[in-house]
Ligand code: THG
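Given as structure tokens, the chain that follows is alone and in the form predicted alone.
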Amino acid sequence: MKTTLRGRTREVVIDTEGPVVIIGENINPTRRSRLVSTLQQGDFEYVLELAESQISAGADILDVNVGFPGVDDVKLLPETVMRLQDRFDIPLCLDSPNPRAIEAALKVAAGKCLINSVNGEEDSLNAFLPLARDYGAAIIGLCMDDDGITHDPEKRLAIAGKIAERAARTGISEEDVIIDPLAMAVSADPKACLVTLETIGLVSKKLGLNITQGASNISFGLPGREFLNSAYMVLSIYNGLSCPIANPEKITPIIRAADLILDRDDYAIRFVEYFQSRQ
């Protein structure tokens, strides 16, 4: 399955057969007080710095989240999108729970964006799927619904199937649905990672869709987070993860190594090029 996204001219193809595509997570006010303060002042230089550093580190797509308390994201999200696309030719993942902000951003965005995110709740499906259809966007579908988050991989698979089916009925092509199996903190639930890994495998085998997830969620509250995230990332890729949302400065070398090991990098060209570029 291939999901194609575009910037102004640059095209990125997310392919279930690999190599892995990296969605850069760093344009997000969570734990970035400087981003909040600069955006409040109408200063976009830090946003552009974050974009440039992620692209340099290996990001193929940029997640754009400008949500913080008191923000008018209907105004700020599209303005941020325009500033980014004036400087960089890269596909964007529009990240907001507010459908009005997503629509405002889609109206000004060049190319084909990814909406982060839809879920199996009826309100979410009804709000976001028509926007994706009308603006030609792809969607991320979270494996949760009106009953909340289940810890049963088969039920998460059923929710993924529901999202894909409703998307198809709305007029969204199958390849434009990317599933997020929900990576949860292993510190709170020792089986959390196993549930998500099994869900990844089920979605990959039974639905054949591309799969994303927040790469750092599982290690919340624990020491040695980078080691945990790295181990989990490789296991996720082996099971079918194709486009993680992560910090490329930390995750790119692990992904290049995994692609090489899984025969997705002929003659180690991308692996060698990456490490040569770091010297």
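None of these values were measured; they are calculated from a predicted model. One rule holds for the numbers: they count along the sequence shown, beginning at 1.
A second form of this protein, the form predicted in complex with the ligand, is not displayed here; the remarks below concern that form.
S.K.: Are any of the heavy atoms in residue 30 no more than 4.5 Å from a heavy atom of the ligand in the predicted bound form?
M.R.: The answer is yes: residue 30 has a heavy atom within 4.5 Å of the ligand.
S.K.: Any chance residue 34 has a heavy atom within 4.5 Å of the ligand in the predicted bound form?
M.R.: Residue 34: no, not in contact with the ligand in the predicted bound form.
S.K.: Residue-level contact is defined here as any heavy atom of the residue lying within 4.5 Å of the ligand in the predicted bound form; does residue 80 satisfy this criterion?
M.R.: Contact check for residue 80: no, nothing within 4.5 Å of the ligand in the predicted bound form.
S.K.: Can residue 116 be called a contact residue for the ligand in the predicted bound form at 4.5 Å between heavy atoms?
M.R.: Residue 116: contacts the ligand in the predicted bound form.
S.K.: Each of 126, 139 and 176 within 4.5 Å of the ligand in the predicted bound form, by any heavy atom, yes or no?
M.R.: None of them does, since no heavy atom lies within 4.5 Å of the partner.
S.K.: Residues in which of 166-174, 84-92, 139-147, 199-207 have heavy atoms within 4.5 Å of the ligand in the predicted bound form?
M.R.: Checking each option against the 4.5 Å cut-off leaves 139-147.
S.K.: Ok, 51, 245, 61, 211: which has a heavy atom sitting within 4.5 Å of the ligand in the predicted bound form?
M.R.: Contact check passes for 245.
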